[in-house]
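What follows is a single chain, given as structure tokens, in the form predicted on its own.
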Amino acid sequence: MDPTTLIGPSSPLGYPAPYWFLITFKVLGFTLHMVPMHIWYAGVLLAMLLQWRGGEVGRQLSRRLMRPMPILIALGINFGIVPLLFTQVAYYKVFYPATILMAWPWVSIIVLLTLAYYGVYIYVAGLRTEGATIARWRQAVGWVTAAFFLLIGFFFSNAFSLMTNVRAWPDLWLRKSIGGAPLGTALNTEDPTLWPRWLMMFSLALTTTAVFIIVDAEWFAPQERPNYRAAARRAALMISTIGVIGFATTGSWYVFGTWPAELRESMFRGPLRALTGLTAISPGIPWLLILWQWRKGGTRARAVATAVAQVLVLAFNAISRQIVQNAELGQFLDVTVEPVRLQWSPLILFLLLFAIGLGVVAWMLRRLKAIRTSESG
């Protein structure tokens, strides 16, 4: 079967905005989404490990990781709406067929995320009422929550890798259907790109969480004892080191073990070679800044520099991933040639709401700073 027959037809409405506009907000939204999403994706698991085997300082760090999680999850979910929206608009021809093939795992993300959100609130409520001696049943809830977040990430990796793995659709459809009707139980587990992409995202999430620990120690923990901030810098360096090694290992696996020769040659040629190189080495810059702070001491300015460097790391990854996604789809369709029928009213409304949303986020971050300061010690 020709896999292109399963690609969705063109919409008679066309794109509501130029492709460059759609892709700009898709990449920008994904970059903003990754900042808080990484912290709860890897941070909840780290917090549980530190609570379990971290000693006194480790448990203190665990509490500081978990207390802002409700706000961070809210930020991550709301920022995640933007890239998901523009993915559905610009890549509807492949997004919907892919998520129909894995409909049940895809829909289950809503249930898993809801349960994980409640799990975080249950755990944080225990931190507020029970302090360091949090009940065992709440700890069990924390472990289950961490597992839910990992499973959600796995399903997302399945969906977005399956979206470009058009060649596998006919086989998945035939194997996971009854009378031609897809069961919605397919997963993209036979795609060689799935596993390194999923693990690479988790490794990158570790580096973001390490940067958050640095920022929290210098900006939000003025009342903590000096030995805590020194311990936090040491823990951040260890976590960042694991993340950078994991990113280098899984990234090499992804690029050199799964990319077709044509894609690899394209990404290592001309201007894209610089982008690919920056994407590969950029996680080392925040790591060096964390190492510097571990050796020389931390300041607020150094923490800000580390955070800015990490945001650039995520931006390079988002841009590179977008280029690779288009290249993978290029053999089946060209998403840039869809007709454009500009719709000014929703476009203006989106920009207005996006600006208001950024203002709300700024307010939430100020509230987070006040909460973190009041809870120090």
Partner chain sequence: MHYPWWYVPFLTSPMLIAIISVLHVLVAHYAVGGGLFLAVETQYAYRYNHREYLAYLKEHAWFFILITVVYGAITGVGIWWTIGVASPLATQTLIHIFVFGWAMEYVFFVLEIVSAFIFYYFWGRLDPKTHVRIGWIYAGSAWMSLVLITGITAFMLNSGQWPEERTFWAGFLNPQFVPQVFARTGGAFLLASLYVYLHATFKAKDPALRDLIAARSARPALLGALLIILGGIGWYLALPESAKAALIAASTLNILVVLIFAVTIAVFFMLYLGPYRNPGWLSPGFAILFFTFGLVAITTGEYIREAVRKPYIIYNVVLGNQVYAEKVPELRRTGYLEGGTWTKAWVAHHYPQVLNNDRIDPAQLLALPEEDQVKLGEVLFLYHCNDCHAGRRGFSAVAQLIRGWTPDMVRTVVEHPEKAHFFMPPWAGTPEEAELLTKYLLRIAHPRPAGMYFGEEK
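Numbering follows the first chain given and starts at 1. Take the two forms, superpose them, and find the largest set of C-alpha atoms that agree within 1.5 Å; that set is the rigid core. These figures come from a predicted structure and were not determined experimentally.
Omitted here: the form predicted in complex with the partner chain. The next part is about that form.
The partner chain is not shown here, and in the model of the complex it never comes within 4.5 Å of any heavy atom of residue 299. Residue contact check for residue 54: none of its heavy atoms lie within 4.5 Å of the partner chain in the model of the complex. In the model of the complex, the partner chain lies within 4.5 Å of some heavy atom of residue 70. Although the partner is absent here, residue 202 lies well away from the partner chain in the model of the complex, with no heavy atom inside 4.5 Å.
Site residues 254, 259 and 329 are none of them in contact with the partner chain in the model of the complex, judged by any heavy atom within 4.5 Å.
Of the residues 231, 278, 267, 113, just one reaches the partner chain in the model of the complex with a heavy atom at 4.5 Å or closer; this is 113. This chain lacks the partner; the member of 215, 285, 82, 187 within 4.5 angstroms of the partner chain in the model of the complex by a non-hydrogen atom is 82. Contact with the partner chain in the model of the complex, defined as any heavy atom within 4.5 Å, is confined among 268-276, 187-195, 170-178, 287-295 to 170-178. In sequence order, 1, 5, 6, 7, 8, 9, 11, 12, 13, 14, 15, 16, 17, 21 are the residues of 1-36 having a heavy atom within 4.5 Å of the partner chain in the model of the complex; the partner itself is omitted from this view. Shown in the overlay between the shown form and the other one, fitted on the rigid core, is a CA shift at residue 23 smaller than 2 Å. Put the two forms on the same core and the Cα of residue 13 is off by less than 2 Å between the shown form and the other one.
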